[in-house]
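What follows is a single chain, given as structure tokens, in the form predicted on its own.
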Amino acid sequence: MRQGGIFAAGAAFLIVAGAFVLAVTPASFAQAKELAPLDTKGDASIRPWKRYDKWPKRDESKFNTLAKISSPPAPKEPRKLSGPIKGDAANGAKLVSNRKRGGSCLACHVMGPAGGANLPGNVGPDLSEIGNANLTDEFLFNYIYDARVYNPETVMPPWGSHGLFNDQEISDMVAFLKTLKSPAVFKTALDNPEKRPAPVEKRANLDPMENPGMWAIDKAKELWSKVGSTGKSCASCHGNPAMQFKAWASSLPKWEPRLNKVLGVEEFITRHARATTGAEYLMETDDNRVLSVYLHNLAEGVPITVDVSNAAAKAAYKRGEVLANRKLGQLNFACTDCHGKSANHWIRGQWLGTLKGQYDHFPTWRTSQLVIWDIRQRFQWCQVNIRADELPPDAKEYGDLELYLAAQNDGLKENVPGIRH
């Protein structure tokens, strides 16, 4: 048996891939040995897609997703005010620290006494003395309402035009900002984002005593030997996975012409198992996750090297780059807003790393969730967190985005399962 699930018997053998059967002769062996059997007909995840039970339930259909453009456009000019703003500064102080509408202004700004100066971020400028800047009410109002009217590339959410705050609430926030005239006083050094040290992951992620994600490998080994409806198991064709898959996961995702899209490890597991053993390991189910952890772990220490050399893969990479820069959701954030423009800064108490370093540890154990997440679930959560509708995990858009992200992590070594908050 050979890596990729090819069944050989003498000079000719059969490859079952979805509904077709291909006879392979010695002359075509070199080409055929690269084609692992895949189910190419059905979906690889639950349909219709349903958001996870514990995730926020909101109607975000009128905002951009990775699959469609639908957000309201940026205003072409600032709104004109009839006179000075009359706002309630005390209510404004409450609103800027309200975490129920997109994380609050403190997620990105130090704002003096607001919110007790508890772990504010520093993605945006320190506003503790903005009351001394002699900015007009109209400017402050419009910058909160939709900062794109002054800076099209801003990472500031369009709080007003995307309906997160109404005009009176924005007026109250303006009134509060005008009271800020003294440097922030922090209760502890950690509350100051300029002095807060960047986190360093020091836990031994391959030690099952420290990382419960390692337990997935034992479960995966059980599934590896489990006979499916076809009478075969993974072990029927892959008797020595440690040798056959010692670098395999580090080469995915890749362009798969039979599916006309990018194929990652988790979707490969679903489609390959369905075509060979008959097992139904849908993406983002526990069985799929543990097998993904196992296959990635077999490539432990192997540098990530994805192939973007052919024309189709190059096109997918470019689409992924476009998607990484697309503004999504009610908060109007792109991947590159957090992991590009704002990288190496704090958003509240969360450190924003660069794109390089966001992939090599997936699938990863989430200590805050007590569960394993693969990279597609991480994509979904990022979108839900910025108030955008997520896509099913086998969506073509996620494949393009994953290929782009994996390429940014080229050369980093597989280190799975990771362990993160």
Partner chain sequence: MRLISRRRALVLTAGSAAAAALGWSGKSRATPKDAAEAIAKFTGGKTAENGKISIELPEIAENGNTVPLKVSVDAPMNADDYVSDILVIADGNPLPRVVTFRFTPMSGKAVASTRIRLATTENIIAVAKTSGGQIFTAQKLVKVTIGGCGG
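Positions refer to the first chain, counted from 1. Owing to the predicted nature of the structure, the values given are computational and were not obtained by experimental measurement.
Keep in mind the form predicted in complex with the partner chain is missing from the figure; the text below concerns it.
- Though the partner is left out of this view, residue 348 does reach within 4.5 Å of the partner chain in the predicted complex, counting heavy atoms only.
- Contact annotation for residue 153: none of its heavy atoms lies within 4.5 Å of the partner chain in the predicted complex.
- Among residues of the shown chain, residue 36 is not one whose heavy atoms approach the partner chain to within 4.5 Å in the predicted complex.
- In the predicted complex, residue 361 stays away from the partner chain, with no heavy atom inside 4.5 Å.
- Between the options 321, 210, 300, 138, the residue in contact with the partner chain in the predicted complex by a heavy atom within 4.5 angstroms is 210.
- Taking 167, 218, 129, 307 one by one, only a single residue has any non-hydrogen atom within 4.5 Å of the partner chain in the predicted complex, and it is 218.
- For the marked spot (188, 369 and 421), a heavy atom within 4.5 Å of the partner chain in the predicted complex is present in each of the three residues.
- Only one segment in the set 265-273, 177-185, 130-138, 100-108 has residues whose heavy atoms sit within 4.5 Å of the partner chain in the predicted complex; it is 100-108.
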